[in-house]
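This document contains two forms of one protein chain, each encoded as C-alpha cells and listed individually as structure 1 and structure 2.
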Structure 1
C-alpha cells in the first residue's frame, strides 16, 4: 500500500512539473508551484521526514507561493513569447544535467541499504547518543541546533542577507509615501473574510509560539515558527490593505528585529568563546550538561524564529508596497 501511495505522489509531482513548464499563465504556474510543494510535503511524510515535510508545507507551499503571487503584481501575469526560440536549448540542457546527476549517484549505496555508511556510522551515532548528550526527544532539533549549530547559523545569515538584498534592490526612495497611495489592496467589501481573519490571526500567532517552543519535542522550531508568524501579518495585509498593515508594523522596527535575531544567535556562540569554550558550546550556560543544551537551543531557536519572521515580512512588504505604488502610478 505504501508503495502505491509513493508511486501516486511521484506521478502527481511529475505531472505538476510538466504543467508548470508548458503553461504560459504565470498565475497558474504560481498556484501549481504551491501544489508541487504540498505534494512534496506529503511525500516527505510518507518517508517519515516530518520536520522536512513541515518546512516544505510552510515555505514551499505557503510563503513561496504568496511571494510569487505578489511578484506577479509587478511583472505581469502572462509569459511573453520568445521570438528567438531560445527555449529549444533548454530541453537538451535539462536532459544533460539530469544524466550527469544520475551518473553521479551510480557509486552511491542503494536507498535505505542497511550496509551504507550513513546507516552504520552516522545515524546510530545521533540516534543512540543524542538522548543522553542533548536530552530532547527530537533528534532533528538536536542535530540542527546543537551538533551542527554552526551550519544552521550560516543558514540564518543567508536568510538575513536575502532580506537585505531585497531591500537594496527593490526599496526606492523616489516613490511617494505609502500613506499617500490609495489602499487598493483592502478588501473592505468582504466582511466575512475580515471577521474570520480577526479570529484566525490570534490562533495563527499562538500556533507559531507553540511551534517555536515545541521544536525540541516534535516537528517544528524557529524556521517553521518564523514563517507561521509572518503568515499572520500577510493575512492581515491582504484583507485590510497595506496602509493598515503599515500602521500595525513599523518597517524600521522589523529591520532592526531581523538583525537582532542574527545577533542573538551569534552572541550565544561568542559568550561561549569568551568563557574559554568553543563557539556555540552550550556547556557555559549551566553546570548540568543537558540543561545547558536546553538553554543554548532555546537562545538560538529564538534568534532563528525572529530572523525568519522579520525577513519574510520585509520581503513581502517590499514587494507589495512597490507593486501597489507603481500600480497606482500606472
Structure 2
C-alpha cells in the first residue's frame, strides 16, 4: 500500500513538472510550482521525513508561490514562445544526460534497504546515543542544533546574506510617508476573508511559537517556526494593505532583529570559546551535560527562528514595496 502511494505521488510530481514546462502562462506556472511543493511535502511524510515535510509545505507551497506572484505583478504574466533552434539543441542534450544518470542509478542500493551505505557511519550513533547525550526525542533537532550546529550556523548566515542581498537590490529609500498614500489592499472587498484572517492571525502566531519551542519533542524547530511566524504578517499585509502592515512592522527594527538572530547564534558559540571549550560546545552552560545541551539548543533555535522569520518578512515586504511603487508609476 505504502509503495503504491509512493509511486502515485512521484508520478504526480513528474506530471506537474511536465505541465510546468509546457505552460506559457506564468501565473499558472507559479500555481503549479505551489502544487509541486505540496505533493513533494506529502512524499516527504511518506518517507518519514516529517520535519522536512513541514518545511517544504510552508516554504515550497506557501512562501515561494507568494514571492513568485509578487514578482509576476512587476514583470508581466506571459512568456514568449520557445525558439525552435534552442529546443533542437537542448532536447538531445537533456535526453543524453538523463540516460547517463539513469544508467548510473542501476548501481544504487535498493530503495528502503536497511544495509545500504547511507545507513552506516554516523547515523546509528545519532539514533543510539542521542537519547543519553542530548536527552531530547527528536533526533533531527539533536543533529541540527547540537551535533551539526556548525553547519546550521553557516546556513543561517546564508539566509541572512540573502536577506541583505534582496535589500541591497530592491530597497526603496524614497517610499512616500505612510499617511500620504491611499491604502490599497488587493483583497479589500472580501469581508469574510478579512474577518476570518483577523481571527486566524493570533492563532498562526501562537502556532509559530509552539513549533519553535516544541521542536525538541515533535517535528518543528527554528526554521519552520520562523516561516510560519512570518506568514502571519504576510496574511495581514495582503488583506489590509501594505500601509497598514508598514505601521505594524518597523522595517529598521526588523533588519536589526535579523542581525540579532545571527548574533545570538554566534554568541552562543563564542561564549563556549571564552570559557576554554570548543566553538559551540554547550557543556559550559550547566554542570549537568544534558541540561547544558538543552540550554544550548534553546539559544540556537531562538537565533535561527528570529533570523528566518525576519529575513522572510524583509524579503516579502521589499518585493511588495517595489511592486507598489511600480503600480503607482503606471
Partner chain sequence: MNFVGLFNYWIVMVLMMIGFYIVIAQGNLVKKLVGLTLFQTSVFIMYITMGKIEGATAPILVEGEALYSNPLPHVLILTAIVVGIATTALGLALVVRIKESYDSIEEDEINRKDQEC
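All of these numbers come straight from a predicted model, not from anything done at the bench. We call the rigid core the largest set of C-alpha positions that still match within 1.5 Å between the two forms. Positions refer to the first chain, counted from 1.
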Which number, 1 or 2, marks the form predicted alone?
1
If you line up the core, does residue 158 shift 2 angstroms or more at its C-alpha between structure 1 and structure 2?
no
Hey, does residue 217 budge by 2 Å or more at the Cα between structure 1 and structure 2 once the core is superposed?
no
For residue 101, is the CA shift between structure 1 and structure 2 at least 2 Å following rigid-core superposition?
yes
